[in-house]
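What follows is one chain in structure tokens, specifically the form predicted on its own.
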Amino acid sequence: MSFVEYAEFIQEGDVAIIFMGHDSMFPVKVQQGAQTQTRYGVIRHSTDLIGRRFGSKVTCSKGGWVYVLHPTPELWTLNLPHRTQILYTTDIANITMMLELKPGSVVCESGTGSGSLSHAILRTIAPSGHLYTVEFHQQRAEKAIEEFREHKVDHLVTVLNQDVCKDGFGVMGVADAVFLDIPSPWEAIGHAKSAIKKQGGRLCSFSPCIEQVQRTCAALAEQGFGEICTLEVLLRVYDVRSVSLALPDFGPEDTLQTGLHVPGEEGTPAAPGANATVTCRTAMPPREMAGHTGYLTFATKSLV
């Protein structure tokens, strides 16, 4: 199992996603002799998981069942242990596209945080790219190293425990793209420029406050970056449900205009009753919607 290469069968040491529903899933580390409790009963790793295909339907001890899924960056984002606030798929999709990431890209990131974006970047730049990710907090950096090793992507990533605003990314002139998710991104713009390759590259900064965006844009302009733009991504999810609607009663039909028999006469069905209803499917937006998460500021390093 690897987050960048798909395996067919579950093996000991793999991370698997136990899927009970779209709003109910969690990761487990598969171990010989271990058991996992669910509301449908016990999952025994030795007999129910190891050797089975990813995607299998597994019956628990109480008779209920779950699906065992191969981990992906998208599923990991929904199930990872939160050490910090994280980026979600809506923003991640825009970041990977706007930074023009592809297999073989070299990316610098700060801060690593819970690793939500890191896993998406690694899947995008594999098999020959590399991620240099900087985390100021020592325990979070150590945990990130452990997770990358466990997810078998550690050969694609270098984790540095340092202050990016003071010490930079540890590389010079090699990055195709830089991503910043730190409280004072304007203080790291100079280091980001140094890390980006001489032929030019892209930069993205994520900030929750517009004041941070203003200072970052000013710093980008001072450092000679161009194509500076800021956007905000809002996601509106529609809920598909069944509803019952009353059938309208338009009264008796006009036999002179339609040429039909009067409703109720022999051979003609009677008009629907006052309580007649029809069930149909409809899509409805939520009454409340999650609003602002953050601003994404993009810029391009000048070739001059």
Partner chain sequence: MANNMDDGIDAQCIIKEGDCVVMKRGDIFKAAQIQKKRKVIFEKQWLFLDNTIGELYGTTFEIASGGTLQPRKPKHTESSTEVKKAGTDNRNIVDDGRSQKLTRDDIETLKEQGLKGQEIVQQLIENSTTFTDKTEFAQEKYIKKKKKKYENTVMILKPSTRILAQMYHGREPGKICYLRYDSLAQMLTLANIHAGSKVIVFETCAGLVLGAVMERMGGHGSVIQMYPGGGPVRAGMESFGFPEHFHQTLHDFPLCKVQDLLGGRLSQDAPETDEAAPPKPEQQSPEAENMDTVPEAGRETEERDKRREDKAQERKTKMEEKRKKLLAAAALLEPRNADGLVIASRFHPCPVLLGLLKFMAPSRPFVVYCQYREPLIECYTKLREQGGAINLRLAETWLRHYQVLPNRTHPVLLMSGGGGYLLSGTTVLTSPAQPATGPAHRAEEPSPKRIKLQETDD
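In this text the structure is predicted, and so the values were computed from the model without any measurement. Residue numbers count along the first chain shown, from 1.
What follows is about the form predicted together with its partner chain, which we do not show.
Which listed residue (123, 143, 130, 191) meets the criterion of a heavy atom within 4.5 Å of its partner chain in the model of the complex? Going through each option in turn, the one that passes is 123.
Quick check on this chain: which one of 233, 209, 86, 171 has a heavy atom within 4.5 Å of its partner chain in the model of the complex? Residue within 4.5 Å of the partner: 233.
Region of this chain that lies against its partner chain in the model of the complex, out of 130-138, 145-153, 179-187, 211-219 [heavy atom, 4.5 Å]: Result for this chain: 211-219.
Would residue 4 show up as a contact with its partner chain in the model of the complex if we use heavy atoms at 4.5 Å? Residue 4 belongs to the contact set for its partner chain.
Check whether residue 96 has any heavy atom within 4.5 Å of a heavy atom of its partner chain in the model of the complex, and answer yes or no. Taking the distances in the model of the complex, the answer for residue 96 is yes, it comes within 4.5 Å of its partner chain.
Evaluate residue 240 for contact with its partner chain in the model of the complex, applying a 4.5 angstroms cut-off between non-hydrogen atoms, and reply yes or no. Yes, contact at 4.5 Å.
Does any part of residue 158 reach within 4.5 Å of its partner chain in the model of the complex? Heavy atoms only, please. No, residue 158 is distant from the partner.
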